[in-house]
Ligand SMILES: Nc1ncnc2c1ncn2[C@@H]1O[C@H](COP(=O)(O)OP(=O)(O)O)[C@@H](O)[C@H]1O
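Only one chain is shown below, in structure tokens, and it's the form predicted on its own.
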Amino acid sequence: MVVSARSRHITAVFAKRWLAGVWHSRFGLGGTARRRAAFAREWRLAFAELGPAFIKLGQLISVRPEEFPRELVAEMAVMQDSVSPLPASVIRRVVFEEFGRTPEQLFASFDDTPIASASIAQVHGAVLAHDVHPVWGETMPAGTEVVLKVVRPGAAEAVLGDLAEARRLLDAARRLGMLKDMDLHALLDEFEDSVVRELDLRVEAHIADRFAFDFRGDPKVEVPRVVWRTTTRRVLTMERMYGWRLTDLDDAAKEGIDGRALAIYGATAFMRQVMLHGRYHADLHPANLFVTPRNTIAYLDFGIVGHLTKTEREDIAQVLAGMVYRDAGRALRYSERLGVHVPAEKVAVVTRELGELLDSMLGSEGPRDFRHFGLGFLSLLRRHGVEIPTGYGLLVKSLATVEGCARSLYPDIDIMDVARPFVTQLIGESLGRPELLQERVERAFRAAMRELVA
């Protein structure tokens, strides 16, 4: 078999980082915690060194706490998808290939200096030359500032080529008996699907419009309006948003931004996404969320979005109710309906450990710590060999992230208090459904008969 130069380079990088992990963990003698932290850090450094495809893969790992050790998830969460920008002439050529016109013919002005440059796309600023009527929202008049997100030429080939190399290396590692505890093939499949979606910018545009529809009457939530006449598979034109990232909130406060109110509102908006709309932004971090000068919250970058059916939302409401009332049995029972299948012989021990975890979250003074509970629950399930559906783990991670974002603005926020009205509404609606009401009446009747004849 011919081994490519890229494959040799990837192998060399991982070998170097593995040796560094051995050294920093004192050859495994520094204890389990030190060893896990050392190797997680070296994995992150290896992914960063290997470039765009591995950086994006690391970011995907960062939203999969149900599959990977928490140390690795935490390390990968700090990686930023940033690469050296391409010359403006290359971006201009893509625009011309898509529309048959130069940027100056399409817009009143176009900025050659990129706003951002990532592995898949590069972003430039522009100004509308004509009025635009978006799918949702008010008309965007001529002179409105927009951004062009342009897929980098060769991005697909580079990322998918590295993906193929990663698969070959993974197969080799499997044959050597390594990485037995990680389902990396499933992760690579998910990664490939994600990249394919990201390479078609119309997908992100449609999702942005759906979010704009969901929050069309909300004065506190903003979603960039899409300019469809200059949007294609390789070019996405959207309204430009200005504001402060969550890491710059001190500057926002100086301008009179009410961080406490926005923290509560942002958490509430997320619960609306999950419990009412069944669509939620699953990649909330400082780069994808702005606090604007208008005292609003602006969502950006809809690359990772979760979807839930009405039944799934009702089951999630029951899981959250189980958390609020320290009812481990209920939380586990409805998690089962969401695909978390605990073997019968392990139900008792998992229920007991889940109850202890609930007590640790709810028993202390101050706001309840959902992140501690949520990630602890995923860790508990992994420890007992329970397979966790991708969507379930993604939602738990998203809830934990929202809590973290909210607490960066308002440390005393209690995400469970925010969730309570939505949980109550969904459970109330489900109780009124005829088929469920009949099922409950039949169960109650059988229970009563057992008591009578006992």
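On a predicted model such as this, the values are computed, not experimentally measured, just so you know. Start at 1 and count along the sequence shown; that's the residue number.
Only in words, not in the display: the form predicted together with the ligand, which the text now covers.
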Picking from T102, T296, N288, S194, the single residue whose non-hydrogen atoms come within 4.5 angstroms of the ligand in the predicted bound form is N288
Only hit among G306, G259, G376, P224 for heavy atom within 4.5 Å of the ligand in the predicted bound form is P224
Please check if L160 has a heavy atom lying within 4.5 Å of any heavy atom of the ligand in the predicted bound form. no
inquiry  = Check M241 for me: does it contact the ligand in the predicted bound form (non-hydrogen atoms, 4.5 angstroms)?
reply    = yes
**Request:** Examine K149 and determine whether its closest non-hydrogen atom to the ligand in the predicted bound form is within 4.5 angstroms.
**Result:** yes
Any of the heavy atoms of L300 lying within 4.5 Å of the ligand in the predicted bound form? yes
Assert contact_stretch over 93-101, 112-120, 260-268, 132-140 against the ligand in the predicted bound form, heavy atom within 4.5 Å, equals 112-120
